[in-house]
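Shown below, as structure tokens, is a lone chain in the form predicted on its own; questions about how it binds or moves come after it.
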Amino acid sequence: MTNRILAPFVALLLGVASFASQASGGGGLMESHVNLGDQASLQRGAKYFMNYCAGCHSLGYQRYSRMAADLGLTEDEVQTWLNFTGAKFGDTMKSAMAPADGAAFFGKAPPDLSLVARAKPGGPDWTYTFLKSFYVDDSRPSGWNNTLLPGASMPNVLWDLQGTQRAVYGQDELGAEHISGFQLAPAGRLSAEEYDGVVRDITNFLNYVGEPAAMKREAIGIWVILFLAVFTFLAWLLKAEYWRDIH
């Protein structure tokens, strides 16, 4: 009897959970497994972003100096290896490409990526999946397309690392043609595992840029929990002392 009563509520909860997962971009996205505590990954992600992405995309809400402090880099390291525009150490990380030039080259100006990890459904998983979903499409102006964001103006800037990914087509139950997978022809400079690591590092870096304070918040959170645990224990001892005579 109890099971019959609870069944509709359980089904409702499962339905809400499923809808929330789909609404947040959970369906069809690959897990990025990013880790803000992995400083080496963040440093590599900054290197890859500045070498492959910063030519078109800005990080207008991030400063070189803040990145250096958070990622354990010196001013000389940042200015020598990560700053290609001649900006000052305290400036925001703007692309050298003018918006008008970006619009002429790609049909619209490349967006600022400061908040991409927070703005997209699925968070960093969306970024990770997007960077792994490019394939050759001769019908597109750039020669590339993307299964996660069809019609994307952005070409696959990591193609030399990943290789030339081509779509493999299949048919669904209704006979409609769809992309069922990918094949590399030719392969890139990196193995599949190595390329996944590059994409994960870039995703981790963009996840950090989306909320730099998250690193400090997570570090402080551990001490807050420890404080609350100690305070709770002391409060329990105090309660026991007060109530000892009453009992």
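Everything numeric in this text was worked out from a predicted model, so none of it was measured. Note that residue numbering begins at 1 and tracks the sequence as displayed.
There is also a form predicted in complex with a small molecule; it is not shown, and the following applies to it.
J.: Considering the small molecule in the predicted complex, find the one stretch among 177-185, 199-207, 218-226, 64-72 with heavy atoms no farther than 4.5 Å from it.
T.: Going by heavy atoms within 4.5 Å, the stretch is 199-207.
J.: Just give me the single entry in N83, S153, T164, T92 that has a non-hydrogen atom within 4.5 angstroms of the small molecule in the predicted complex.
T.: Contact check passes for S153.
J.: So which of V136, L149, A96, A104 gets a non-hydrogen atom within 4.5 Å of the small molecule in the predicted complex?
T.: Checked against the cut-off, the match is L149.
J.: V78: heavy atom within 4.5 Å of the small molecule in the predicted complex?
T.: Judged by the heavy-atom cut-off of 4.5 Å, V78 is well away from the small molecule in the predicted complex.
J.: Heavy atom to heavy atom, is T129 within 4.5 Å of the small molecule in the predicted complex?
T.: The answer is no: T129 has no heavy atom within 4.5 Å of the small molecule.
J.: Using a 4.5 Å heavy atom cut-off, state whether G123 contacts the small molecule in the predicted complex.
T.: Residue-level check for G123: no, no contact with the small molecule.
J.: Would you check, heavy atoms only and a 4.5 Å threshold, whether V157 touches the small molecule in the predicted complex?
T.: Residue-level check for V157: yes, a contact with the small molecule.
J.: Can we say R44, A46 and L59 each have a non-hydrogen atom within 4.5 Å of the small molecule in the predicted complex?
T.: Result no, not one residue of the spot touches the small molecule.
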